[in-house]
Structures are given as C-alpha cells and as structure tokens.
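One chain comes next, on its own, written out as structure tokens in the form predicted alone.
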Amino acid sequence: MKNTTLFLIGILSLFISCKEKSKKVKNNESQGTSLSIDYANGFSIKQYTNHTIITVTEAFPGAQKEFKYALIPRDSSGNNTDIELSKTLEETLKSQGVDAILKTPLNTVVVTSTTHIPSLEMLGVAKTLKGFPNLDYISSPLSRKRIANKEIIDLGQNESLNTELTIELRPEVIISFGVEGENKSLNSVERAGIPVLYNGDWVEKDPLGKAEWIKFFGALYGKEREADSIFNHIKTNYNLLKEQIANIENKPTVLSGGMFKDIWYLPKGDSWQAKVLEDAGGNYLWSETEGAGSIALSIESVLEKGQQADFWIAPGQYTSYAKLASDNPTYAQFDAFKNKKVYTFAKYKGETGGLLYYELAPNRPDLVLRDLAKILHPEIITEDFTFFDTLDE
C-alpha cells in the first residue's frame, strides 16, 4: 500500500512538474525571456524559442522611437535551422514592424565608432569587421594589423559614408550611432538591402552601463554567455575598487576639460566622466550641474571656481605644460598647473594618431577608475597607467 501511495505521489509530482515546465515554455514563447541588463538603460534583449529581439530605446539623446532588431539563429553549418520555419518567422516578424531581421551569428559587419571595436575583439569576432569610416581613428594593434593586411577597408566619414563602397562591400549589417537623430546618410544603404542597427552606448550615463553594451554585440554573434562573463569581470573589478575607495575620507578637488575656440568644455555632473571621478574618490567641482553632456564656460568662470583645485584631469589634446602655457597664459594660473598635477589621456595613441582612451575607455571603465584612483590616491594603486599620464614639461 505504502509503495502504491509513493508511486501515485511520484506520478502526480511528475505530472505537476511537466505541467509547470510546459507552462514555462509556453510563457517563454509568448513573452520571451529577458536577458539580464543591470546598468545600461538604452537597450534590452529578449530570447524566444526561435529568435531573439534586441530593442534599442535610447539610440541617441531624446530619441522618441524604439528600434527593434530580430535575430534568427543559423545552425552550426551556417544555414538556418529550418528554411520553411525561418520564412514563416520572417513574415511574422515583418508584420510586427521590426526594423531589421538578421541571421546570426554575423559573418561580416561594418561598425562606425571606435568604441564598437573593443567589443568585437573581446568576443573574438574581430575578423568579421570588414569596413570602418576613417581608419586612422582606430588604435587597436589587432585591428591595425588587419588594416595593414587590407582586411578592413576605409569607408569615408561616418556622417557621409561612401555608400558606393559600402554597398559593394555588402556587409550583413552596419552598426551605427546617431548624434542628433537618425543618420540620414545611411538611408541609401538600407534601401540597398543592408540593415542598419543603432548602438547607443555613448548615451549611457553610468560607466558600467557603457561597458554593458558588449551584450548587444554578444547577441549578434550568439555569444551571450561570453559577453555576460566579460562584463561581470569588468563589473567586479570596478565595484571592488569603488568599495575600497569609498572608505577614504580625503577627497581632493578636481577640475576637468579645456578650451576649444575660446570656450572651455567640461563634463556635466550626470555624465559618466563625473561619475567615475566621484567613484575614484575625487571631489569634482562641477558635480552639482545637471545633464550628461558638456558645460560650455568662459576661462574666467573656470578660473574663478577651479583655480585652487588639487588636480586637473583631461585638458583636451595637451601633452605638455609648455604647450598649455604658450597657448593661453591663463592656464598657468591654476594651482594644478603650478604643482604639476595635470593628467592627460592624449599621450597614448595608435600608430595613425587614434587615441586609445576614446576607443577603449568606455568599454573598460574598471581601467579608467584604476587610473583615476592612482592619480587621486596613489598609495592604493601599484599598477601602471592604462590611459592617463602626467604632462611633459
């Protein structure tokens, strides 16, 4: 009797388990399973049984439109798993108004920002990059080698992409970005049947939010786990150092930026640069300003507030005190100048002049934080600088 009861309980449990499993699959099919996005605000990823949807909600500042991109996986031989199923699915997705349908993993791609390149390299898919606008901006040794081997071709400028060359190249997709809206120069490329995807990594305010866009690329290459693992490594490094610095009471004052055509531009208080300065244990003097872009000020205004700042971080393209003083003698009135406490990211360049900071820093905020912590609290960091360095005389 006991055995019979246990048997019935077992059957009942199995039935309940199967029913719950069936319900979960059904829910996944109808609602999708969201991948974890913890810091980035500009995109989401949902996986369904036969496809994945990437939704980009902040392609550029003030974007009113969401962009939806459908990814349909190929099998290991490079073909779609079921041709008839794929056709039916594509028709369904088109009827739902997705902006692009892609077969993944991608085999060929064009990206338009140097900030996209580290994600390709970290995921081990750099060989799929076939074109880029203005190759001189690229500083990565790996990609420079591929440029030298003519494996990546120059496609002109981002805002006026050479459409003839791009269409002839026939990449499976172009990863672009918008500054004040959609990039109209890509309309003709889209009409030629090449999908354009918007990447809004530069709009993110949180340093880790920028780095999390590697998951966007991970989905395009079927490397979601790798992207998650890489991001977790960066996140852990960042947060461990941030926690260590949080206990330091001394917060040196910091000014930032420099002049361009008689206007001094420095980061607003909600920008990722201001955030990482705060996390590095600095007292950024313009932290109370609202917004994530740049403030435009006169040099007199900056001098009034920042003359006695302990440190001056990122004075534009300057790499020497002599050049700073010769371009504008007012620079020499800052205490940070007098005390040799000015640090620049303009000394680390690729072989054609591209700045490593612009390319890699948004993808590796943990290394930016470490550099800034080394500047502001040198007693806790022993590693060499990655991006920043002192000015030359």
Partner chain sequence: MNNSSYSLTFLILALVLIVCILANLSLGSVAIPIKDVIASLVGSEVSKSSWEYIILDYRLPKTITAIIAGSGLAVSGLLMQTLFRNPLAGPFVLGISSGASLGVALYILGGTALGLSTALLSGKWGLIIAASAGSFLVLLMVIGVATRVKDTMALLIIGLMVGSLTSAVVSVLAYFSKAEELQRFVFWSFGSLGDLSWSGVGILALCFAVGLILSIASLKSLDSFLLGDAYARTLGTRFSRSRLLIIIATSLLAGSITAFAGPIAFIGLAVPHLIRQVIKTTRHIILLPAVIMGGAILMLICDTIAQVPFSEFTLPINAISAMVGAPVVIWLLVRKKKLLF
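Quick caveat, the model's predicted, so the values are computed rather than measured. Residue numbers count along the first chain shown, from 1.
The form predicted together with its partner chain is left out here; the points below concern that form.
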Exactly one residue in 188, 287, 320, 244 has a non-hydrogen atom within 4.5 Å of its partner chain in the model of the complex; which is it? 188
Taking 4.5 Å between heavy atoms as the contact cutoff, choose which of 182, 278, 90, 310 touches its partner chain in the model of the complex. 182
Using a 4.5 Å heavy atom cut-off, indicate which stretch of 250-258, 110-118, 210-218, 148-156 touches its partner chain in the model of the complex. 148-156
Does any heavy atom of residue 96 come within 4.5 Å of a heavy atom of its partner chain in the model of the complex? no
Residue-level question: is residue 283 within 4.5 Å of its partner chain in the model of the complex, judged on heavy atoms? no
Non-hydrogen atom contact residue 160 with its partner chain in the model of the complex at 4.5 angstroms: yes
Can any non-hydrogen atom of residue 165 be found within 4.5 angstroms of its partner chain in the model of the complex? yes
Relative to what we see here, could you say if residue 180 and residue 98 have their Cα atoms closer or farther apart in the model of the complex, with a change of 3 Å or more? closer
Closer or farther: the C-alpha atoms of residue 272 and residue 180 in the model of the complex, versus the form shown, with a change of 3 angstroms or more? farther
